[in-house]
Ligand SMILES: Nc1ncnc2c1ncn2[C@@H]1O[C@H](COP(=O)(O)OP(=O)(O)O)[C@@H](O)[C@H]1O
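Starting off, we have a lone chain in the form predicted alone, written out as structure tokens.
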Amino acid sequence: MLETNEETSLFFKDGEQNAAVKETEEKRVPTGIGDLDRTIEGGLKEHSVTLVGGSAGAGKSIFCIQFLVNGILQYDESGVYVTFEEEKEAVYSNMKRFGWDLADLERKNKFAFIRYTPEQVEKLLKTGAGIIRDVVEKIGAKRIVIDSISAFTLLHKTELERRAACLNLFKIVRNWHCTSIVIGQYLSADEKHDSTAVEFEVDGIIWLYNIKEGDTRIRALEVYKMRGTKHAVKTFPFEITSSGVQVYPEESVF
């Protein structure tokens, strides 16, 4: 839980820090990622759906798999990774550099990797996403990552259709009693960014930036939206270290 001091008060709007440090009646699901949890009242709301968005190379997949791995290793909460694009072997190999042995976690029935096309998921939704539901029930999953929701929404031509599809997907995921993160692929997530159907329907939005400053790039994180949560209103830097994502809420981006 956040401590009330001059540093943390800078993260919140005037008069909000006292509410932010109170014990919440709703259960929180810690991400276990650096110091992020203390800027969002201890973690994501249980059974919520959060969008983690950004451009290519922003660190979205690492962030989200770290959320699943931390759930398994730190909180004994199994996780499912549903992807429309990534190859299993490549993901497992890439994540080993952070010390995350996904194959071992899979053998222990703590982690599941599911690869479908967006069209297949669309068909599954019409039957309650039975196969994914069966995997969730088999391993007792409490956390789900969907990579990426952007590919899923491309199946629908109009904004109304995309919004309805997202509502259906999120309703099913919540019915499984899982806390979920959906990955969004965006060219930019700056002030000029146009909101999409997904952004209106999710409970929270975390933007990951990969900002170019001179001849270097700086990574930054912003908690843009978090329903029912007194969250940080400051954009702060983060790094991808040998153990995954590490955020620095007290520091400034520039």
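Not measured: the values here are computed from a predicted model. Don't overthink the numbering: it's just position in the shown sequence, from 1.
Omitted from view is the form predicted together with the ligand, to which the following refers.
Asks: Report the residue, out of Lys157, Lys126, Arg107, Arg97, that has at least one non-hydrogen atom within 4.5 angstroms of the ligand in the model of the complex.
Replies: The residue from Lys157, Lys126, Arg107, Arg97 that makes the contact is Arg97.
Asks: Is there a heavy atom of Leu221 lying 4.5 Å or less from a heavy atom of the ligand in the model of the complex?
Replies: Residue-level check for Leu221: no, no contact with the ligand.
Asks: I'd like to know whether Ile240 contacts the ligand in the model of the complex, with contact meaning heavy atoms within 4.5 angstroms.
Replies: Because a heavy atom of Ile240 falls inside 4.5 Å of the ligand in the model of the complex, the answer is yes.
Asks: Would you please decide whether Gly204 lies within 4.5 angstroms of the ligand in the model of the complex, comparing each non-hydrogen atom pair?
Replies: Although the ligand is absent here, Gly204 would stay clear of it in the model of the complex, with no heavy atoms inside 4.5 Å.
Asks: Is Met226 a contact residue for the ligand in the model of the complex, using a 4.5 Å heavy atom cut-off?
Replies: Residue-level check for Met226: no, no contact with the ligand.
Asks: Select, from the options 69 to 77, 164 to 172, 97 to 105, 137 to 145, the stretch whose residues sit within 4.5 angstroms of the ligand in the model of the complex by heavy atom distance.
Replies: Careful reading of the contacts points to 97 to 105.
Asks: Residue by residue through 36 to 61, which ones have a non-hydrogen atom no more than 4.5 angstroms from the ligand in the model of the complex?
Replies: Result: Ser55, Ala56, Gly57, Ala58, Gly59, Lys60, Ser61.
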